[in-house]
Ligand SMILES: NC(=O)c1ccc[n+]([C@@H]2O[C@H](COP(=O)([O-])OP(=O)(O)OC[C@H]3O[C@@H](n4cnc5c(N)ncnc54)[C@H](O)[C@@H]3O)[C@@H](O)[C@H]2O)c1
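One chain comes next, on its own, written as structure tokens: the form predicted alone.
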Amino acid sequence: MKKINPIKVGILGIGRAGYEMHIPELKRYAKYFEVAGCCDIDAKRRKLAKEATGCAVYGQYEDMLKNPDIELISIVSRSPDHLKHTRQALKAGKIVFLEKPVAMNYGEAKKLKALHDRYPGKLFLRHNRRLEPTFQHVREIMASGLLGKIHLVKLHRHFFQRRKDWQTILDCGGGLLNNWGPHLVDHAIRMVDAPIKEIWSDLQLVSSLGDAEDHIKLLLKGANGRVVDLELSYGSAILMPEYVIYGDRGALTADAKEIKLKYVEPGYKFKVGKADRGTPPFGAVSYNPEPIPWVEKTIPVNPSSGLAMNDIYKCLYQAVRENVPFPITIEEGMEIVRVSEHIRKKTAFEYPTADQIYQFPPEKKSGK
């Protein structure tokens, strides 16, 4: 039996993610981790962290970094500060577990890669939705060949929210592309499963109360011809399936609990293999010249790894203490940022003024 050597963690930022995600996840793996420090500029948040963990609390990041007992820093600060806070922690000799977005642009991502190379084995990226059970299971089905050659993947995350926090404000680093975007752009890249050759995107502001985008439409086309169609929206009142996968032998839809499959029995060979130039008969026989032996079933989501999103800290422990490869590489994190930056640059995203919103149709200007 392997000896467990717990990692002492300092958490930077006791916001929603720090308090409602990181602290519970660390408690889930209390035999692997000890929360030794929490830092936040808000005294009330420090008090909450103290009550939840019993750890030392800090109002200044530099003071927490001076604690020699803290081995790892989980950076859960605001997005524009991620690179700066990562650099400070690595320079102080700490391991870093970095929340998304890992960088605000590709220039920052390259600086992050330089830090990764300068401090090998010290920087890990928390793209925890790589462990989303449905994502894992759907990927396994795609790879199995059950659906044949995959030509179209649809990814949906639909909500309707009138959100008003800093995540909706551009100069705070907000916007859906920086918030949920890194998770779903990562999924889209993985689902393409080939070098990306074409990108089309559209960003809109629909229902949130800030000035940043809250609706994303993205099309990626790979060198393999596969298209991934992504919709991520806070402005969609009717939900769509989270995953829809189309192949030349079947298809599936999936959500968080179950996967619905319709496919041709493996091993079945279609009997009619050529088109006929002649005049077709009446009826639908030319559309389906032979009966298709469809198999339809519904199965529970159950990926072979047995891992879920809140197991990301277990993966981190194994990477730090047992030299097990971490599921997200620095290069994959950089590609997420590169594609996201390309989405921004390709999208002419200009927010309307209040006058433009409410004057419809536009007033006609009188002329001589």
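Position 1 is the first residue in the sequence shown; the rest follow in order. Just so it is clear, the structure is predicted and the values come from calculations on it, not from any experiment.
The protein also exists as the form predicted together with this ligand; that form is not presented, and the subsequent description refers to it.
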Inset, instruction - Sort through His137, His116, His82, His187 and report the residue having a heavy atom within 4.5 Å of this ligand in the predicted complex. - result: His82
Inset, instruction - Kindly indicate whether Ile14, Arg45 and Gln167 are, all three, within 4.5 angstroms of this ligand in the predicted complex, using heavy atoms. - result: yes
Legend entry - Lys100, heavy atom within 4.5 angstroms of this ligand in the predicted complex: yes
Legend entry - 4.5 Å heavy atom contact, Val76 to this ligand in the predicted complex: yes
Legend entry - Non-hydrogen atom contact Ala308 with this ligand in the predicted complex at 4.5 angstroms: no
Legend entry - is_contact(Ile41, this ligand) in the predicted complex, heavy atom dist at most 4.5 Å: yes
Legend entry - Per-stretch contact check against this ligand in the predicted complex, the hit in 137-145, 255-263, 235-243, 100-108 (non-hydrogen atom, 4.5 angstroms): 100-108
